[in-house]
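A single chain comes next, written as structure tokens; it is the form predicted on its own.
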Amino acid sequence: MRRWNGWGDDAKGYQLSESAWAFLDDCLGPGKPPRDITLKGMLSRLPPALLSDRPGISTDSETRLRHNFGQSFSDWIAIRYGRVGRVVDGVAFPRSTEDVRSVLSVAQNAGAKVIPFGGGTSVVGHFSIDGSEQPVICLSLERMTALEELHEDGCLATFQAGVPGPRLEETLQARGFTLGHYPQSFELSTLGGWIATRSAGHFSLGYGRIEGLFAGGQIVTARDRWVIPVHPASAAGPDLRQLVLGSEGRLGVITNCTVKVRRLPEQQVFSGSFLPGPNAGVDCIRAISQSGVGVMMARLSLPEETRTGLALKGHSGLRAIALEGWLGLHGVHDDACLLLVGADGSPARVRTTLAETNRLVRKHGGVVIGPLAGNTWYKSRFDFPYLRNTLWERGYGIDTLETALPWGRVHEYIGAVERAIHKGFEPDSERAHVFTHLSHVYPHGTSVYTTYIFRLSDDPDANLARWQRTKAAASEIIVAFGGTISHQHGVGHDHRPYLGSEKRPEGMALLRSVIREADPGGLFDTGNLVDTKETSS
């Protein structure tokens, strides 16, 4: 069963060895387990629903609770410490586009706002409703999971928008196809959510981000049903799919989606290498992205993430000494970077791709260690979010931030943002353990994904204040370096103050005008993307 107060399945965990805990204690000091509220205690604090019974709308307390929070750090503070605040007043479970239209009609008649809810995996505050005095209905798409049509000749599949990643891939692979879109949240997130937040999957280098896979579909707005037809290509004015991509529930509810699929590859191979330092590592992964070599994935862990990854997996003692000694003989020392690449296709194509990739690794002074590291990552690639549960229970918090920017700014930005995170904890005489990787690369630039771990205080207000201070400082560094405020997590409430720096005043005005046109009465206005007051003005 899904956890009510954390990430994922409550029967699954992320085990750390004693050597891993010793590593964290050395970095940060020992953690003190917080006193989490129980489910019973949380339910006792829920305010009554501001909505009387309506057809198809559940006002059950536990149902409301389980559809009220995402996975941002502020969500965790609220749900772990029992800081309930405003909670959705009802939850609807439509099964079709017509059901969605009926729910919206009920909401309009009740004077309620609506929040579309897919997998509930948002890490940027998409579900915050603290400022709303109107009733709020969560429209959950969890019963809209069907494959509606598969055009095998045209490699197009139409799904209902609530289909989660595993079910989508199981359905396609049973027919010999794949979408190949695997974000970190794959196990829980949904196709509609990927489109609404412009998701990027692990294999985006080969398969593309979701904007390259979304071909068309339907969105139910406050006015009507909007159909986006599917064309192989079109020069008929602006591409209206781009309004749906990244719309974050502000224009309406995405109900079904047509996506471009591929036939399953004959072979898929993952390989690992070590590069002698961050300069060589970044130069190598940039060369791979610009070479046209054809890898479907390239991921570079910078030195601190490489060390941390090995430590958390328990690679210490004789095993670590042996690995370090072998790498040292090949010129790779303490500042090693781990590079992972993936290749798929025919066996001949995979061999050619990996041979060229290995040549580039060696050209940059690296050491190829082969499939062992790659396969280890592949098998556990969706486990990392479970570390949040494990760390919290021992008294540590963890958060991430990400951007994308041109290659020439990467090194300077990483130093600046990591320093900003460290400084965010200094006023409380605390430390953060900070590490970074590049996981989505492009010929002209790269994503930069930074993780930080820190000790929790006994005081939830202090924890929230530290996080807010650090998040703001890091976001300001992103803006100062001309990076995007979100490469793959979306905007929500957390990134909204910084969106204007990227879109500029004219762009924000256009965005607000589109939102007003699609939703003149503010049915979906819960503050995502743009400020509520600015939208209505």
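Quick note: we count residues from 1 along the sequence shown, nothing fancier. Not measured: the values here are computed from a predicted model.
There is another form of the same protein, the form predicted in complex with a small molecule; it is not shown, and what comes next is about it.
- For the options 94, 180, 374, 183, the one in contact with the small molecule in the predicted complex, meaning a heavy atom within 4.5 Å, is 183.
- The partner is absent here, but in the predicted complex a heavy atom of 116, alone among 424, 342, 116, 366, sits within 4.5 Å of the small molecule.
- For a residue to qualify, one of its non-hydrogen atoms must sit within 4.5 Å of the small molecule in the predicted complex; none of 273, 281 and 303 qualifies.
- Figure note: of the listed segments 303 to 311, 197 to 205, 150 to 158, 452 to 460, the one touching the small molecule in the predicted complex, with heavy atoms no more than 4.5 Å away, is 197 to 205.
- By the criterion of a heavy atom within 4.5 Å, residue 217 is excluded from the residues contacting the small molecule in the predicted complex.
- In the predicted complex, the small molecule sits within 4.5 Å of a heavy atom belonging to residue 189.
- In the predicted complex, residue 127 approaches the small molecule with a heavy atom inside 4.5 Å.
- Interface residue remark: residue 71 is counted as part of the site for the small molecule in the predicted complex, having a heavy atom within 4.5 Å.
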